[in-house]
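Okay, so here's just one chain, in structure tokens, the form predicted alone.
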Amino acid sequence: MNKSDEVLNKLKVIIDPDLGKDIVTLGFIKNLTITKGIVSFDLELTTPACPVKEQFRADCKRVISELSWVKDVLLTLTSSKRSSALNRTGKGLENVKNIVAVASCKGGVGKSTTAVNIACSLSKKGASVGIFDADIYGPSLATLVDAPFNGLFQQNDLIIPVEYHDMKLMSFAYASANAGGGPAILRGPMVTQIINQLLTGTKWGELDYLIIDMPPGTGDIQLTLSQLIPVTAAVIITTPQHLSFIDVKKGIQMFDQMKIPTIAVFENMSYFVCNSCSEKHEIFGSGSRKKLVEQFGIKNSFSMPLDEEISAFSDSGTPLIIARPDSNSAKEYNHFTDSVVREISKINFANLPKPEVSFNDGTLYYKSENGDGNVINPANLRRHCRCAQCINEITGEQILNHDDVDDSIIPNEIKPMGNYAVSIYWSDGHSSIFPYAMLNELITL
């Protein structure tokens, strides 16, 4: 065995925790050279914002140094040059790798603040980032980010974006400022035209992530964006109130219809900790985030307490991630961003098998991601539906009487719901959403 093979064999023990394979099989090791006992190579990660990149660096050096002939290890971290899927959507987006929609479907929940802090977190982790404010009627980016602005200009028929801390920004607020300001009194077709022009006509350049701050609702702008460009994934911002939960459900279902996976939930204003005690006071109630996880199977969920610094710095035009990077709230934003990065890497590179649910010859089959086949009783599954008609979404009490579900019930249609759940339309006219995690628990019923 030559020395290069010895090095690669050592590196095979390092497993990417998200993709489930070793870094050699994944093709992360590039430009390997060995000269007089000095091992040099590039470690090409899926993204420069990889949350475990420093762990990879340390592990690589450790395992290679175990070889008796190795004198030193020189490792350079790089990121994948994966081609963009956006070159068909307009010149401005042709070098953008990933587009992330940040949505709430309800106003006043802190969505724009969260979107900006996610973008800042990605940038500080080494990614090239852009932010697009898609709210024409109430743009907020220019307020949340106090970036130098001297007007918009064009270069080679593309709009030059505003820049702030190495990030590229675009908002209708900048365009309307160019035109003398004033309210946006526009009909739907004009709004979608403006969205198209600002999004695809901006000179974004090479971006690892373009964060789109979606406006509230599930109307023209949301549908236009979902159809105009291939959005990589969506993240949902909510608050504990039941009303927010109702609107967020509509948003998740909209994204699912547009074949956009919802990969994470972030609950703002979850609780308040006063200065004189350490008790968490749930001022706006609780349970919204938990219900989203239970009903849609979304694995990544985070909660943010009420923090006066977040609003204070946002009002001053300096995102918390930049103003107070070591604060507890900034750390929570960073944890959330890491989860988004990891899920996007799975979407782009993992090619992991998804669970499958099918109904054949009167039998409901569930095949897990591990390939294990199981049989689930359709009637028992129907009785475990957790929708608003079957479970009181406020108290959690059972509404559905199990005796009301006939043992002969069967599914008429089965469709995947995002990355983590399946929707089933039953022969009694009811529809249900079951997370794959719930199906794993029910296979013995």
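Not measured: the values here are computed from a predicted model. Residue positions are given as counts along the sequence shown, with the first one as 1.
If you look for the form predicted together with adenosine-5'-diphosphate (ADP), you will not find it shown, but the lines that follow are about it.
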item: Among the candidates Thr78, Ser301, Ser311, Asn95, the residue which, in the model of the complex, approaches adenosine-5'-diphosphate (ADP) to within 4.5 Å (heavy atoms); value: Ser311
item: Heavy atom within 4.5 Å of adenosine-5'-diphosphate (ADP) in the model of the complex - the one residue of Thr232, Gln295, Thr192, Thr113 that qualifies; value: Thr113
item: Partner-facing stretch of 199 to 207, 148 to 156, 301 to 309, 253 to 261, counted where any non-hydrogen atom is within 4.5 angstroms of adenosine-5'-diphosphate (ADP) in the model of the complex; value: 301 to 309
item: Gly107 within 4.5 Å of adenosine-5'-diphosphate (ADP) in the model of the complex, heavy atoms; value: yes
item: 4.5 angstroms heavy atom contact with adenosine-5'-diphosphate (ADP) in the model of the complex for Met269; value: yes
item: Partner contact for Asp372 in the model of the complex: adenosine-5'-diphosphate (ADP), 4.5 angstroms, heavy atom; value: no
item: 4.5 Å heavy atom contact, Asp315 and adenosine-5'-diphosphate (ADP) in the model of the complex; value: yes
